[in-house]
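There is one chain below, alone, in structure tokens, taken in the form predicted alone.
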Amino acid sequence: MKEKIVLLAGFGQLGRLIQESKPTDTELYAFSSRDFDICNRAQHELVYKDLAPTTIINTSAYTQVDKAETEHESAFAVNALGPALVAEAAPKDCRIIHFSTDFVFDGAKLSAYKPTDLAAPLSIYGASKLAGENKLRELRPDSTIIRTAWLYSAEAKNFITTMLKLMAERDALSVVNDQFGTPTSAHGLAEVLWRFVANRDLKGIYHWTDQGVASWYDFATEIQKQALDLGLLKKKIPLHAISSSEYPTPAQRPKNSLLDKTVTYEAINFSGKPWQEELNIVLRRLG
């Protein structure tokens, strides 16, 4: 079956790379967040009726984690109402693939989180993403949800682009060293997405990040090392490891953001690359 795909938020950090890695035999219609209001029921109905997609990929998200603490309505509108409208308006035989986050967990577990582990978000952002998952599972239990963490790319403002800017401007930098997870390249995640698209039997919740474990301090240290090697930075500056308590934020972050990908590896017959290798690919795109 030739896929006819509607991609929501198709010009965001992940959406651009999904477009870039599209298989040649796939018909893809990408909508920007500006042109397609995910909270507009009539727009959903019109687009899906007109295009009759076989798959809808939703990369739309309100991702301002700290702002969400005071912008509850905006966060829940995009992250919860939006997926519900996708589910309600999509053709009955249309598959839905939706992206979620490690923030649905509280980070108290001492090992990596499995898709079946109890969700208990610490923040409004996490709660809104969990609400979106629940709505989608209730309305369209045959949908696919892919949770990821610490996503970055060369195409948007994110941790690596912020670090490179600060490392070029400052004489020293302090970075949190007691939150752990796995940096995840949007480049790699886009490739994984197409493996899911190719197998319509994959339903339910799956986890994906690159391989390995890091703290934000570890991530920053590797960014600086590789950026110096590639000539993206001209000088090395001291990086100081600090605790979360020394860098308070409006939204509480999970201390442990590690996601167990065992089920995903088996489902798509692929385990990805170490996060350091994916970082190098992304930094070379910036070079």
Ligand SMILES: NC(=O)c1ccc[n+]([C@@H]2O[C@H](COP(=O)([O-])OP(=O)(O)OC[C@H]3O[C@@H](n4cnc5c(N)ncnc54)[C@H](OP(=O)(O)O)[C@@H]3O)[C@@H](O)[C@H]2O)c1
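One-based numbering along the sequence shown. This is a predicted model, so every value here is computed, not measured.
The protein also exists as the form predicted in complex with this ligand; that form is not presented, and the subsequent description refers to it.
- Put simply, I38 is close to this ligand in the predicted complex: some heavy atom of it is within 4.5 Å.
- In the predicted complex, no heavy atom of I56 sits within 4.5 Å of this ligand.
- Using a 4.5 Å cutoff between non-hydrogen atoms, L14 counts as a contact of this ligand in the predicted complex.
- Proximity of D210 to this ligand in the predicted complex: non-hydrogen atoms within 4.5 Å are absent; the residue sits far from the partner.
- This chain lacks the partner; the member of M167, V192, A80, L151 within 4.5 angstroms of this ligand in the predicted complex by a non-hydrogen atom is L151.
- Per the 4.5 Å heavy atom criterion, this ligand in the predicted complex is contacted by stretch 122-130, the sole one of 168-176, 84-92, 192-200, 122-130.
- Taking this ligand as positioned in the predicted complex, the residues of 83-108 that bring a heavy atom within 4.5 Å of it are, in sequence order, F99, S100, T101, D102.
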